[in-house]
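Take a look at this single chain in structure tokens; it is the form predicted on its own.
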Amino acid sequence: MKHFINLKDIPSKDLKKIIIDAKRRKNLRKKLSTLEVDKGAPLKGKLLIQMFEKSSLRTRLSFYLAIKQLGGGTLTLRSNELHLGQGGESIADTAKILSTYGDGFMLRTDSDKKVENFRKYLSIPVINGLSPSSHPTQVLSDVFTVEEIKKKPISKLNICWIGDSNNVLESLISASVKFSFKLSIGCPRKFEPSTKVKNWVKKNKKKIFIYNDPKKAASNADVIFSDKVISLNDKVHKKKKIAQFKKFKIDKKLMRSAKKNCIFLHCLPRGNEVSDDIFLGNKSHVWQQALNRVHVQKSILLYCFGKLR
């Protein structure tokens, strides 16, 4: 049994194996309709229980399709529908019930500690669908998308992030270490990655490049990533924070600092951190990026269930 909680805790060889399997599975589905099951139905009879404490569109849809296409089924719960959400049952007891009824558990939560507690008490694999410090399924899918579009290993590319230091960036930093690619980060000084994250990179004998000038960060980039400046449940003075990121907006002028064939990716939903002409233009691959989550999450599920070939 293997969990999928943080990219930094998963061996590079396993992450690369998941990417390879996802590429193969996507190719094999070219002639299949949305709910047709993959050949061999590798997860036939398996139930994935999903619990959402935070709003979700892409994560919910992609995991639903992922388990269905593998021959299994899914049950979706909200924490306020459970005794756990009302404070009437411990995580340990809830985990025992989940382990009794289901074969895997996907949690999207506002608490890193809750993910760790579930891992402690569950006897089935737990997948982190998003937590305050990590969004591993999103970023591994993004690695897949970059390699698919650029047709080369991500290790040979210059990756740039323009925006806030949030859970997506933390997972992207982990990916830069695991896949050995150059990562340049453009953000205001106040919003740089934490010392803890920087020290983890150093401990792994790698380096990330942080700039408080967006043009320097985007210089020579093959890919520019971004995310909303104001995340869901972000407890900040919103107008003030948006103003601090004003010069970090991704528009045609900033894209000119990158390579001519640079692409733009965004995990969605979007805010005003990117102009419409970039988000909807020919450099943007955000819809392909969103759909690819299905293929990668299928391989993540197989990895967790011990079925990855």
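Just so we're clear, the structure is a prediction, and the values are computed from it rather than from any experiment. Residue numbers here begin at 1 and follow the sequence given.
Although it is not shown, the form predicted in complex with phosphoric acid mono(formamide)ester (CP) is what the next lines describe.
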Does Arg108 reach phosphoric acid mono(formamide)ester (CP) in the predicted bound form, with heavy atoms at most 4.5 Å apart?
-> yes
Should His295 be counted as a contact of phosphoric acid mono(formamide)ester (CP) in the predicted bound form, where contact means heavy atoms within 4.5 Å?
-> no
Within a 4.5 Å heavy atom cut-off, is Asn282 in contact with phosphoric acid mono(formamide)ester (CP) in the predicted bound form?
-> no
Is the gap between Ala243 and phosphoric acid mono(formamide)ester (CP) in the predicted bound form 4.5 Å or less for some heavy atom pair?
-> no
For phosphoric acid mono(formamide)ester (CP) in the predicted bound form, the stretch among 266-274, 65-73, 39-47, 246-254 with residues bearing a heavy atom within 4.5 Å is 266-274
Check each of Asn261, Ser55, Thr34, Asn27 and return the one that places a heavy atom within 4.5 angstroms of phosphoric acid mono(formamide)ester (CP) in the predicted bound form.
-> Ser55
Asn6, Ser174 and Lys178: each with a heavy atom within 4.5 Å of phosphoric acid mono(formamide)ester (CP) in the predicted bound form?
-> no
What residues, if any, in 127-152 have a non-hydrogen atom within 4.5 angstroms of phosphoric acid mono(formamide)ester (CP) in the predicted bound form?
-> His135, Gln138
